[in-house]
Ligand code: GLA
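A single chain, nothing else alongside it, follows as structure tokens in the form predicted on its own.
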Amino acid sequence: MILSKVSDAGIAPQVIEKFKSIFGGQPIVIRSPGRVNLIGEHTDYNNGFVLPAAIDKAIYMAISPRKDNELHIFSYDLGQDYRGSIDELKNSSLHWPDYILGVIQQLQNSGHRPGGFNCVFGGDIPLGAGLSSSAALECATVFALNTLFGWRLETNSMVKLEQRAENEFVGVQCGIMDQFASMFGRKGHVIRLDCRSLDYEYVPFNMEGIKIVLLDTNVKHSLASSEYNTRRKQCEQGVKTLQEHYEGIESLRDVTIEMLDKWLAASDPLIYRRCKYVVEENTRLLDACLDLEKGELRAFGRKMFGSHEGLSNQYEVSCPELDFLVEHVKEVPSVLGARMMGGGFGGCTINLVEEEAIEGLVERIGDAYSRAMNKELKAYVAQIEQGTSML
């Protein structure tokens, strides 16, 4: 089933109406989007490049200040209420408040003390699809509080603060890409982000007649978290070996294929494959940006297929369900490119599809997937939109 786009006109008024019914008064309203990553997977923790974009599915936060230090927060989607205090921030059994509380804690640590506030938030980012609803909530929170209390924080500072909140309060050791894309997103552009320096550049992405289609495998294999940590260690092991032979190597960002061929290909084939994928993916991403600048979307799409091949065969973070979905669109002319997106072992494939072909494609592949995997296929259609802003 395709979940059609829900416009701002649908979600935001519902959130505002709920706010008024609970708290009264007129709130400010922040829109903070989810994100996709077009190419560049598992490169972030290797100091490489990623190519994310903000999308047209977002969280909407209605918020107003209180005269005391209490926090009254309502999750519109979950129908759950949280009450606490600015003066006593502790992890909640509900879990979702932690993304907001962690941001407040980091603001306090950096010398910015917000007062209490009333808040209702909700959105249309599909949960569990790897579109970073948690980062969108963090971005909405810091943007809203910065606006509400007039701090004039720099955008870069807000993004780093959000990452620390998730690392330290929520306890998830995420990179900075999700928060960066949600906050810095620009309509009609992807962001070429250097994960070492945080330098970034907007690259035009002409999507005329093309949509991003996310096909959700509806699975999350238990390998995901343990294998993620294993891949990080394998990359670090490759770097350590090469540091014995070369000066100035800090990460796989500083490594060439020639170095890998000379010192790892024969002695440690497994580590060689892991490192080779990362080095090739960085090159693939930079070449893909040149394709976009020339408006050559089909060439860009071929690199997406190449990325998936590397993730599946060299980095080995795919799974039968993801491979099935990519293989089944490879020879379809209306699909320009496809690959798995995210940490792996489940989640979504990201596909560039000609708009008029989407419905038929999803129906066909949905039937085939159901027969082969005995699972329902979910599909989401997205396009590139502006980053976090006030409505």
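So that there is no doubt, residue numbering starts at 1 and follows the sequence shown. All values reported here derive from a predicted model rather than from experimental measurement.
Below, we refer to the form predicted in complex with ligand GLA, which is not included among the displayed structures.
Check your understanding: Does ligand GLA get within 4.5 angstroms of any non-hydrogen atom of residue 42 in the predicted complex?
Key -> Contact check for residue 42: yes, within 4.5 Å of ligand GLA in the predicted complex.
Review point. Hey, in the predicted complex, is residue 149 touching ligand GLA, heavy atoms inside 4.5 Å?
Key: Looking in the predicted complex, residue contacts with ligand GLA do not include residue 149, since no heavy atom lies within 4.5 Å.
Exercise for review: Evaluate residue 177 for contact with ligand GLA in the predicted complex, applying a 4.5 angstroms cut-off between non-hydrogen atoms, and reply yes or no.
Suggested key: Yes, residue 177 sits close enough to ligand GLA in the predicted complex that at least one of its heavy atoms falls within 4.5 Å.
Check your understanding: Quick one: does residue 202 come within 4.5 Å of ligand GLA in the predicted complex, counting heavy atoms only?
Key -> Output for residue 202 is no: heavy atoms all beyond 4.5 Å of ligand GLA.
Review point. For the chain seen here without its partner, which of 58-66, 34-42, 330-338, 347-355 has a heavy atom within 4.5 Å of ligand GLA in the predicted complex?
Key: Contact criterion met by 34-42 only.
Review point. If you look in the predicted complex, which residues in 333-366 sit within 4.5 Å of ligand GLA (heavy atoms)?
Key: Those in contact are 342, 343.
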